[in-house]
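Only one chain is given next, in structure tokens, and it is the form predicted alone.
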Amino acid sequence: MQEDIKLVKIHDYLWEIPKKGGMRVPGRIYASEKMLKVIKEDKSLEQVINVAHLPGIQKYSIAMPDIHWGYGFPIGGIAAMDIDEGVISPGGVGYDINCGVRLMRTNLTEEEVRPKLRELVAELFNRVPSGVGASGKIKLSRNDYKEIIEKGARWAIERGWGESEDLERIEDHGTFPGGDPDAISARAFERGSDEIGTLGSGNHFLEVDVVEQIYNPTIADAFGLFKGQVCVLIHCGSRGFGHQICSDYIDKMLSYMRREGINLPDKQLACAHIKSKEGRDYLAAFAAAVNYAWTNRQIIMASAREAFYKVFGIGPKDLGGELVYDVSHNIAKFEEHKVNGQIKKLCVHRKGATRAFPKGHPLVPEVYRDVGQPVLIPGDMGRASFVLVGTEAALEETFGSSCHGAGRVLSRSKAIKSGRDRDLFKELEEKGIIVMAKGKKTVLEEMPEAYKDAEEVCDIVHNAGIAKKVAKLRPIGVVKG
């Protein structure tokens, strides 16, 4: 419990931890009073304080309402660093580099899909490998890696997995600059060589959803969403490739900190100055993993389209399987933000947090620039997910950031223990949700009760004004690892 941490209420949905000791900035937590009680159950507020000790951190160490304990940084944590004096921290990005979510709309309705739902979920399960260490049909050569590192999602599209229009609806058009194969270990290349186009395990999923509610008809229409519509939500990242890169550089940065005399309250905050050789090398390897993850999600979406074509006997025009957007969470981005009235270039760490840029921002894709960037917040497999839109307040308060999901409240081991006597497949099917997974263990780990309710989380960011609700999605089919 973290009851002894002083919290000052800013308003009903924002709390501040004042600077003390070695904190360079205050901590800020977006939460309701009710949610704060849940947050205090683990050590994530201590991690907010620890992050505030990092060299070069600007304004605040920030946490979203889905905050929970993570490696070094809390999951749901945001920290922006001055690029001259600041540091890059692998723990501030996460092991699954560029884990993210993409939403695909269709022209189909629940009424049209429901009669063949079980067949559709089975086809998706067969086409998209899932589970721990799952390997796919694509085997990457060294030259494939070189091109993926350079091109990102465009590599997949050039090979028939998608349309060029998809790139307009991915952060940074699906390509992150600066990747360098020489900054990556042989072990990382080995781990990722047969995992492209696969989901992995844990909280990753491929989900068939129905648009249950529209909150803002004008923006929903701009996003191509309508009530009763079937959509596909994909959540995954850079698989073993990104995980190994993170592991490799944590070790290197611990050595750097010892050499440079950087003392922090938690060694999991391992970091290096952005302009140091270690910092530059990490960013070069990190960029490669970012592009790998975008390529991965692009191929999975193409496989999902093919599943719909086969099950329903339709083509691309009838399906209308268009990408709405792909957001990254577990990322570090170089962006310009206002600090003390001045525009500064910063390195923004978002670990379990996503961009939420407002209308008119130059980094919002042109197709959405008049309404703002889509913000995609997945829930658990038994409750709703949400589509929101970025706001000007987010740009002013959170470096243009919002939450990324519901946030765990039960560890995986506790979830398994509490659900071992339950038949979750049957329980979910009784709610109209067909679930397919490699085994019972993953479904138990990811049971709805293991997470906060995404609706409560989204209501907090909506009421705080840092992202506004657009649509609510209800799951009807789920593929888990």
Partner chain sequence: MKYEIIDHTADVCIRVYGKSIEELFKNAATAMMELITDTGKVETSQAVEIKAEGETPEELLVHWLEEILYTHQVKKMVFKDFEIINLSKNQIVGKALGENIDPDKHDLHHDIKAVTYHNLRIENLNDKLKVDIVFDI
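All figures in this text were calculated on a predicted structure; none of them were measured in a lab. Numbering follows the first chain given and starts at 1.
From this point on, the text means the form predicted together with its partner chain, which you will not see here.
**Q** Counting any heavy atom within 4.5 Å as contact, can you tell me which stretch out of 176-184, 316-324, 271-279, 402-410 lines its partner chain in the model of the complex?
**A** Contact-bearing stretch, as computed: 402-410.
**Q** Residue-level question: is Arg258 within 4.5 Å of its partner chain in the model of the complex, judged on heavy atoms?
**A** Yes - in the model of the complex, heavy atoms of Arg258 and its partner chain come within 4.5 Å of each other.
**Q** May I ask you to check whether Pro365 falls inside a 4.5 Å heavy atom distance of its partner chain in the model of the complex?
**A** No, Pro365 is distant from the partner.
**Q** Just to confirm, Tyr145 within 4.5 Å of its partner chain in the model of the complex by heavy atoms?
**A** Taking the distances in the model of the complex, the answer for Tyr145 is no, it never comes within 4.5 Å of its partner chain.
**Q** Is Arg239 part of the interface with its partner chain in the model of the complex - any heavy atom within 4.5 Å?
**A** Yes, Arg239 lies within 4.5 Å of its partner chain in the model of the complex.
**Q** Between Lys267, Arg369, Lys344, Lys227, only one gets a heavy atom within 4.5 angstroms of its partner chain in the model of the complex; which residue is that?
**A** Filtering the options by heavy-atom distance leaves Lys267.
**Q** Ok, Arg127, His243, Lys151, Arg383: which has a heavy atom sitting within 4.5 Å of its partner chain in the model of the complex?
**A** Partner contact (heavy atom, 4.5 Å) among the options: His243.
**Q** Within 4.5 Å of its partner chain in the model of the complex, which residues of 120-134 have a heavy atom? Give them in sequence order, or say none.
**A** Contacting residues: Val132, Gly133.
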